[in-house]
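Read the single chain below, which is given as structure tokens and is the form predicted alone.
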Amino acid sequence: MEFLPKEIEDYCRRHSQDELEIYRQLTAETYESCQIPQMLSGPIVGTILQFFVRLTQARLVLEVGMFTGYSALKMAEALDGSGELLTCEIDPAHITIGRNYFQKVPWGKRITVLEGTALESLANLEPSFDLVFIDADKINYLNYYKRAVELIRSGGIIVLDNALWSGRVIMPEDDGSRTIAETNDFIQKDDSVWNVLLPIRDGLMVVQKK
């Protein structure tokens, strides 16, 4: 999965806020132990999520799809001491890696892992979240988005990763690509939000609830 020429991506990283060593360690372990390490959101997206946490002055954040915990840790770092982040994850191996790193830093205590299927976890939550980040199985993206709109407060931000799906949304030929394209179309017609699709990494759909 290559989204930009390597030299351009490296230039962007060199001219963006540097990240702490723990994120490099988590990235290295993810690439060593996981079958699809490219699922990691990475430093650019992680730092953008931190910006959204600060801009919304978020106190309560929801993540749908934790993977090994990189983006959860990034967002939790940007929360103030009373902030809380709930993250959904179904894979026990990913949860183990994430929790190991959450225990290494003070802001890891702000993270609560909701184990099991994300749709079941979301059904048991109540409004109102300040920020929702969706980066889970693509076949349920529209379901996740619809539930996120119910859970987010007015003025809150929803961010969907992989909104371009390596360009396959233009001519979708598989279920995942079709669902992401359907979700993008649904958001574009959703009068309850403002939205912009950004060509950052694999595409970030950014939505603000009116």
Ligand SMILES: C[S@@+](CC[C@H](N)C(=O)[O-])C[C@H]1O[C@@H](n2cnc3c(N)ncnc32)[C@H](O)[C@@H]1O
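This structure is a prediction, so every number in the text was calculated from the model and none was measured. One-based numbering along the sequence shown.
The same protein has a further form, the form predicted together with the ligand, not shown here; the description that follows concerns it.
- Checking 137, 130, 84, 77 against the ligand in the predicted complex, a heavy atom within 4.5 Å turns up for just one residue: 137.
- With respect to the ligand in the predicted complex, the three residues 40, 65 and 88 uniformly fall within 4.5 angstroms at the level of their nearest heavy atom.
- With the partner left out here, the ligand still marks one of 167-175, 148-156, 57-65, 181-189 in the predicted complex; by a 4.5 Å heavy atom cut-off that stretch is 57-65.
- Mapping the unseen interface onto this chain, residue 96 falls outside it, with no heavy atom inside 4.5 Å of the ligand in the predicted complex.
- Among heavy atoms of residue 117, some come within 4.5 Å of the ligand in the predicted complex.
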